[in-house]
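A single chain, nothing else alongside it, follows as structure tokens in the form predicted on its own.
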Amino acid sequence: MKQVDARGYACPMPVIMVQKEVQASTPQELEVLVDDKCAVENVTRFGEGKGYAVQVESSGDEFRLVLKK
């Protein structure tokens, strides 16, 4: 599974990082790590707009999103 580690980045950077990975490799599954609630919402919206189902898990201040086609 491909992974994008966007921890430490404020929006819109996490979405841009995910967008670049989706355009580059069109993954069936993509794991995204973020530490910003706004990024969770924006990456989820982007993923759903591209046809991915999005699962979100939280661990303290960090979030793991799994985008699946």
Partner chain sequence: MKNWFSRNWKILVTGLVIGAAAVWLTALGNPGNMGFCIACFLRDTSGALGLHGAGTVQYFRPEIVGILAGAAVAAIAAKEFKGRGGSSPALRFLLGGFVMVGALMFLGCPLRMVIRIGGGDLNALVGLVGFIAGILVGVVFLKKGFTLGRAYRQGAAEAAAFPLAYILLFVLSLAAPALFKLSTEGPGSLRAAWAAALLAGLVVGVLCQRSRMCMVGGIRNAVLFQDFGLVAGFVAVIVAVLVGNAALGKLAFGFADQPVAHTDGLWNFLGMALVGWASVLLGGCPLRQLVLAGQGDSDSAVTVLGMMAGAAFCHNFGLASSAAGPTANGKVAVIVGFVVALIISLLYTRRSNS
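Positions refer to the first chain, counted from 1. If you're wondering where the values come from, they're calculated on a predicted model, not measured in any experiment.
One more form of this protein should be noted, the form predicted together with the partner chain, which is absent from this view; the next part is about it.
In the predicted complex, none of the heavy atoms of residue 22 sits within 4.5 Å of a heavy atom of the partner chain. The partner chain in the predicted complex comes within 4.5 Å of a heavy atom belonging to residue 35.
Mapping the unseen interface onto this chain, residue 41 counts among the residues with a heavy atom inside 4.5 Å of the partner chain in the predicted complex.
Interface membership of residue 61, defined by any non-hydrogen atom within 4.5 Å of the partner chain in the predicted complex, is confirmed.
For the three residues 4, 52 and 66, a heavy atom within 4.5 Å of the partner chain turns up in the predicted complex in no case. Interface residues of 1-32, taken as those with a heavy atom within 4.5 Å of the partner chain in the predicted complex (partner not displayed): 7, 8, 9, 10, 11, 12, 13, 15, 16, 19, 20, in sequence order.
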